[in-house]
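As a starting point, one isolated chain is supplied in structure tokens, in the form predicted on its own.
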Amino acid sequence: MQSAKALDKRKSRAETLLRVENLNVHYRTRRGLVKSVRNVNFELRRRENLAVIGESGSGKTTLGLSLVRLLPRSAEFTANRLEYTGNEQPLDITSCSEETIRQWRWKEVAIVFQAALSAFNPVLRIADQFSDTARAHGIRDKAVIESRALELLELVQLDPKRVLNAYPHELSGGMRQRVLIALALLLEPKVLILDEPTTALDILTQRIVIDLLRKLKEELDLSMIIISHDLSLAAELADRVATMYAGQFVEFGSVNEIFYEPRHPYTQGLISGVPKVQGNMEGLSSIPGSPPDLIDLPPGCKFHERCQYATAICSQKEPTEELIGKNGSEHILSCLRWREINDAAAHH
């Protein structure tokens, strides 16, 4: 009979698809190292949507690319653990061969890139792009490929016959975005990474994409990592949310904790800059200043130069991750003064 500890371990493995510990990505440039991702830790669970939010340049896209090892040659990548546990045998993504990663990528974890038009080969019809992806993973039967493509294009609410015969430039932005999602689902992955899935789309098309992603999660049993600076997208789709600043997660928690009880001044600043559906604009405020230079990061807390609550200690000591959640909550925060800040806010 298995021990309770062994059963808990099996249950944990069954519920977790991706484990990330101390992930770092630096880019080599003439000026020095661009520290795009620093000491990132998280787990992605089955049927979970994880949103990564933050300003442009905070390292969100680099994080997404690093999870599937699609970084450029100028990147230096390290991690204590980057492990995919969606199969019976866990896969160590940091040490396996390029060929193993190439077969694993798209079959287990797929990515929908930012800027849909740039993600396609402009001189190939959509049907050929489906065929190329399938053949790269050993699927040669044209009838099987076409049947799967038709099924997926219908699933994303497009006219399959018209779309398959079209070139990328002949499709609208919203159509291209949905074709990219369909293409990412071709090999039935368990995890879908979406980089700014609603950027540059009009508000009606954004609604179509959001409803589609919600539907796909339920019908296909997907887990998603949604990378976005659009807080409304994260609020609608995410189960848990990570706030990223200067390459680091500064706050991590459930969607309710992040949007209704934000503790980090940066998260609070992002949320206070979002206009409400009802009411006037008087409560809106923006975060002063600009994100730091990732080559020459400031000492101490990387947010202290823009933080209204910063004191001398904030410029001297860098905060570490602290579990602040109660009753089993996994609310994690990196802030030296969060208790004083929130006590003062509650008193006010």
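One-based numbering along the sequence shown. Nothing here was measured: the structure is a model prediction, and the numbers come from that model.
Although not depicted, the form predicted together with a small molecule is the subject of the following passage.
So in the predicted complex, does Phe42 come within 4.5 Å of the small molecule, heavy atom to heavy atom? No, Phe42 stays farther than 4.5 Å from the small molecule in the predicted complex.
Report yes if any heavy atom of Glu321 sits within 4.5 Å of a heavy atom of the small molecule in the predicted complex; otherwise report no. Contact check for Glu321: no, nothing within 4.5 Å of the small molecule in the predicted complex.
The small molecule contact at Ser58 in the predicted complex, heavy atom, 4.5 Å: So Ser58 counts as contacting the small molecule.
Decide whether Pro72 counts as a contact residue for the small molecule in the predicted complex under a heavy atom distance cut-off of 4.5 Å. The answer is yes: Pro72 has a heavy atom within 4.5 Å of the small molecule.
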